[in-house]
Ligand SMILES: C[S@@+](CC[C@H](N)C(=O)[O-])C[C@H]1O[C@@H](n2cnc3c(N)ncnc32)[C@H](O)[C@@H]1O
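Heads up, the chain below is alone and in the form predicted on its own; it's given as structure tokens.
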């Protein structure tokens, strides 16, 4: 992963992410949940691209009992982990293995497409975003939250301190985060340039307050 940031997580990397880092990423996912709440059809269908261990999906279907959620992730280990967590909710919640660059779904299917902390891993972010909008119905919402390469130091520090690490481990994690995570992500200007090429009405890119991340949001024309 350190050599090729776009490669699929190895089983050990998937476990480390799910066990130690995912709880902090939940702060970014909370913004996506807030954007979706009250703006979805009663029985709407959501696609999550880069669904990881399924934490966002489980939280969202608990809040919105009528919503159906489908997650896609490149890592079979994460897909298996998410499906284990989804037991008992299979009628509304499912996860499959797939690639953001070639989503295995028909055009115009979903009421919303969301992605949290995933786009930096896509070999071709522009292509992945085009795929996300392809599978959106007209009027559907696109919400992408990602680490901002231009994030402020104190936001990065506070984010890393939410990782589940032993005492004293966060300074090393912060150096890793700034170099290998934020350092290989997009900045807000790059995200705006990508959003401008999509068939979205009034796309916006804004920083998520109190986090080292931005939110790309728009509605398909």
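What you are looking at is a predicted structure, and each value in this text was computed from that prediction instead of being measured. Positions refer to the first chain, counted from 1.
Below: the form predicted together with the ligand, not depicted.
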(request) Answer for residue 17 alone: is it within 4.5 Å of the ligand in the model of the complex, judged on heavy atom distances? (result) yes
(message) Using a 4.5 angstroms cut-off on non-hydrogen atoms, would residue 137 count as touching the ligand in the model of the complex?
(response) no
(request) Report yes if any heavy atom of residue 8 sits within 4.5 Å of a heavy atom of the ligand in the model of the complex; otherwise report no. (result) yes
(message) Would you classify residue 98 as touching the ligand in the model of the complex, given a 4.5 Å non-hydrogen atom cut-off?
(response) yes
(message) Among the candidate stretches 188 to 196, 166 to 174, 51 to 59, 32 to 40, which one is within 4.5 Å of the ligand in the model of the complex when only heavy atoms are counted?
(response) 51 to 59
(request) Decide if the three candidate residues 144, 149 and 213 all line the ligand in the model of the complex, where lining means a heavy atom within 4.5 Å. (result) no
(request) Enumerate the residues of 73 to 112 that have a non-hydrogen atom within 4.5 Å of the ligand in the model of the complex, in sequence order, or give none. (result) 73, 74, 75, 78, 98, 99, 100
